[in-house]
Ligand SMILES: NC(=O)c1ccc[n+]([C@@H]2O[C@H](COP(=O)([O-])OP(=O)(O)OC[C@H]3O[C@@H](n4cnc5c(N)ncnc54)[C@H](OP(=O)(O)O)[C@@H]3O)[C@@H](O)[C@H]2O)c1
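The chain below stands alone and is given as structure tokens, in the form predicted on its own.
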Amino acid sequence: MSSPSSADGRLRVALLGSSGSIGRQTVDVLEAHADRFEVVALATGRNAAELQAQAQRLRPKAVALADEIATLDLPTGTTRVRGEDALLELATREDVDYVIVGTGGVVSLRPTLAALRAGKVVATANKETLVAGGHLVMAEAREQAARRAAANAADPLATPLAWLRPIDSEHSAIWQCLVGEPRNGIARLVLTASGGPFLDTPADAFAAITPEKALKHPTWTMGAKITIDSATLANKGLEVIEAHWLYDVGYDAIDVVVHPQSVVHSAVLFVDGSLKAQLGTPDMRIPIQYALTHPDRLVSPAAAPDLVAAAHLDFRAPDEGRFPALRIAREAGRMGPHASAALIAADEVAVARFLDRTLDFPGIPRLLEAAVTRFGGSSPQAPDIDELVALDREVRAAFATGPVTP
């Protein structure tokens, strides 16, 4: 990564997906620390009004909107980047140091890879980046880290996680627990799950679950997609695959524990029997800020956890009988990148169909399993980015409509 060239020494940021839940909270963090960060570029999908408002507040040099028809009233000095390569262009600008990926979908994989190759630090909340393309992006992160380590082993950028930084609260928690710890000291990773709104709902009531009920998460305020994924525990299965790539840990050494209070965000068990956990309030601004400021810690707008007020913290094993998406995701991860890429594409289709009422709640894991079975064993070789994009398109087309059989 090149040294910051802002006149005042601030780090220069490109934010992809600025109008979504992660994007808006990232803007909160960037504005709270405007003395440390300069927003150079913003991009979003179709929320022209939000992008325009952000541009007026942050005065970036460039913006991109996937909706090419929509018009934008931009401040003087801000240009609009157009075309299918707009994200790629913003992510590789010479005047960008950090790229924050808050967009969903495999569309973010090319910009992520290009940014890493161009020497940009990437902080990502995009699951496709690791679930579908973990074998690609972590190879780039390791290569960048190796270059820095060869010059100076004490360089803060001499580790892969300094280049590909997780924003998800669970992966941020594990990352924080591992700071200063030797790799050979890890025994197991422990991902916590809230359990969602249907933790104690009988399986025979699942068919009657509506989108409105599923969108009422008991502890987190998130976008619709991740909220539904939390209700099915599919998100935790995807996070198991992400953890495998981020921390180079085998699937058999990654546990999931249900923790309804969402105070313990995840933990690491070490070979000496010590268990280190990261605790915090359920506020995504904490992991977003840590990804931007690592290894430093700054004052955050999020409230600190109050253990006395919490009174008790509960933990239980996940019920994979009622929530089979977790099992299906683990199996897909073990099968390899074709299966995991099919899984995450199918999950987006399944959630969209559930929200538009063309698929019932139990149909979500049925669709996931059907996609993994159909597309997961297509080739023994790891797919390149073009193959991943093509597979994503094929899976979406295969399950966009019609009944889903087990």
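Computed from a predicted model, the values in this text were never measured in an experiment. Heads up: residue numbers just count along the shown sequence, starting at 1.
The following text describes the form predicted in complex with this ligand, which does not appear among the structures shown.
Choose one stretch from 140-148, 290-298, 103-111, 259-267: the one whose residues place a heavy atom within 4.5 angstroms of this ligand in the model of the complex.
Among the listed stretches, the partner-contacting one is 103-111.
Answer for residue 363 alone: is it within 4.5 Å of this ligand in the model of the complex, judged on heavy atom distances?
Residue 363 lies outside the contact set for this ligand.
Hey, in the model of the complex, is residue 43 touching this ligand, heavy atoms inside 4.5 Å?
Residue-level check for residue 43: yes, a contact with this ligand.
Looking at the partner-bound form in the model of the complex, is residue 395 within 4.5 Å of this ligand by any heavy atom?
No.
How about residue 66: is it within 4.5 Å of this ligand in the model of the complex, going by heavy atoms?
The answer is yes: residue 66 has a heavy atom within 4.5 Å of this ligand.
Could you work out which of 233, 243, 328, 125 is the residue within 4.5 angstroms of this ligand in the model of the complex, going by heavy atoms?
Among 233, 243, 328, 125, a heavy atom within 4.5 Å of this ligand in the model of the complex occurs only for 125.
Of 87, 286, 174, 116, the one that lies within 4.5 Å of this ligand in the model of the complex (heavy atoms)
It is 87 that has a heavy atom within 4.5 Å of the partner.
Even though the chain is shown alone, can you say which residues of 155-173 have a heavy atom within 4.5 Å of this ligand in the model of the complex?
Only 168 sits within 4.5 Å of the partner.
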